[in-house]
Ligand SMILES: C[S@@+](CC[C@H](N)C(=O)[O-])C[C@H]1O[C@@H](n2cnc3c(N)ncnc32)[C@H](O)[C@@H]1O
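First, one chain by itself: the form predicted on its own, in structure tokens.
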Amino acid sequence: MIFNRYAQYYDVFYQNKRYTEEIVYLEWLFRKYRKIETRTVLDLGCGTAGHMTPLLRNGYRVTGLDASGQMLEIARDKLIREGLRGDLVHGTCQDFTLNKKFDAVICLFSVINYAAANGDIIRTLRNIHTHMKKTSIFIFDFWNATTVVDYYNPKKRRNFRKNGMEVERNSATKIYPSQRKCEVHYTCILRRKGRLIRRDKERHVLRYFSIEEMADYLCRSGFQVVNMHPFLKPEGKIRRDSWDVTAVARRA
């Protein structure tokens, strides 16, 4: 399972992620690409509720779905602490069934890349399509193939500190260009005052896409592409070094 033990470190690794800026960006996209007010949001790959919590605070009704039970436990505790009410669902993007439709579906922070095989991305997109109204929009980001091949770093190491704990994250990445796949092996080392507490390992397999390829997948799944741009830069132009690309789509 992805994000198994890794889930416990997630908020440490991304404690400086610009969630507030991303919510402002999302709301700008809601207003620009929907003619009517957006009230209900489905957050696919909601993780530890980093996007859910500010959306709920801003008055949206949000359902979060994630394949990791560990991530959902953290998200549930976070919502309780903040006195927020949102629905949390355990499931995969390919197979979930909620029997309702949403004004907007979001799938952020590379979650779509975990639909690693071609059949999975089509299943994922078609399943999302069934949970959208005629007026709904789908907003997600994906890794740009050109950038991954040219700029990926095969080995990384970062150190984090929080609440007296030290976490070292090592990643070893290998890409398979013919399959447009990326395999990342994470090793997370937890220490307190220099003493080893635990060492955890996980393997993540992700898919990356060319702009044309993603547009084709969306079209084949019943979507119309409304806009593609660099993540957080809605007026920007996709360049060779634009790693994360945002796609905005609606039902065709």
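Fair warning: this is a prediction, and the values are worked out from it, not measured in the lab. A residue's number is simply how far along the shown sequence it sits, counting from 1.
Omitted here: the form predicted in complex with this ligand. The next part is about that form.
- Listed stretches are 190 to 198, 219 to 227, 61 to 69, 28 to 36; the contact stretch with this ligand in the model of the complex is 61 to 69, by a heavy atom cutoff of 4.5 Å.
- The three residues C93, L108 and Y114 all sit with a heavy atom within 4.5 Å of this ligand in the model of the complex.
- In the model of the complex, this ligand sits within 4.5 Å of a heavy atom belonging to Y10.
- Shown alone here, H51 lies within 4.5 Å of this ligand in the model of the complex, counting heavy atoms only.
- Within this chain, R18 is remote from the site of this ligand in the model of the complex, having no heavy atom within 4.5 Å.
- For the partner-free chain shown, G45, C46, G47, H51 of 33 to 52 come within 4.5 angstroms of this ligand in the model of the complex, judged by any non-hydrogen atom.
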